[in-house]
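Next up: a single chain in structure tokens, the form predicted alone.
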């Protein structure tokens, strides 16, 4: 299996192409394709947007690193920005009535709803997204280069 590693500029216009690139290199069975194409695609898109907008503050001199691995039926994407980090527990729940009109927290909420695990490093400038797929309906091989 080969890992994918991407260094992206802090430019939200680069997100769609990067996500498409990753998705094209994940050979999956028909049964797993829906979770990959919806859950993983949306989660990775949100993680990249958050890293660029909030982590790197839309600073074009900074980059976002993406590492994608396939380990034992789990697809993992780690997104790291060059920002100072944040406390994910301090992000308000966007579904609570008092937060519905607030612009923050929706991306993190989506990631947590769509993926099996969302893990942050201690600093809060790196998130790992995990999508588990059943061995009988999962990946047909490793990531392709």
Partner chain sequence: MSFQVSKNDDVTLIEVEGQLIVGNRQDLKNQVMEQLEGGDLKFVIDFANTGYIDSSGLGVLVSLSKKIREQGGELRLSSLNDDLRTLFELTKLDTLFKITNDKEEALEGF
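Residue numbers count along the first chain shown, from 1. Source: prediction; values computed, not measured.
The discussion below concerns the form predicted in complex with the partner chain, not included here.
J.: Among 68, 28, 114, 118, which has any heavy atom within 4.5 Å of the partner chain in the predicted bound form?
T.: The option sitting close enough to the partner is 114.
J.: Find out whether any non-hydrogen atom of residue 53 is located within 4.5 angstroms of the partner chain in the predicted bound form, and reply yes or no.
T.: So residue 53 counts as contacting the partner chain.
J.: Consider residue 95 of the chain shown here, and say whether it contacts the partner chain in the predicted bound form, taking contact as heavy atoms within 4.5 Å.
T.: Result yes; residue 95 sits at the interface with the partner chain in the predicted bound form.
J.: With the partner left out here, check for me: in the predicted bound form, does some heavy atom of residue 45 sit within 4.5 Å of the partner chain?
T.: Residue 45: yes, in contact with the partner chain in the predicted bound form.
J.: Does residue 91 reach the partner chain in the predicted bound form if we count a contact as any heavy atom within 4.5 Å?
T.: Taking the distances in the predicted bound form, the answer for residue 91 is no, it never comes within 4.5 Å of the partner chain.
J.: Since the partner isn't included here, can you check whether the partner chain sits close to all of 6, 8 and 83 in the predicted bound form (heavy atom within 4.5 Å for each)?
T.: Spot residues vs the partner chain: no contact at all.
J.: Which residues from 24-45 come close to the partner chain in the predicted bound form, meaning a heavy atom within 4.5 Å?
T.: The stretch 24-45, when checked against the partner chain in the predicted bound form, contributes 34, 38, 41, 42, 45 at the 4.5 Å heavy-atom cut-off.
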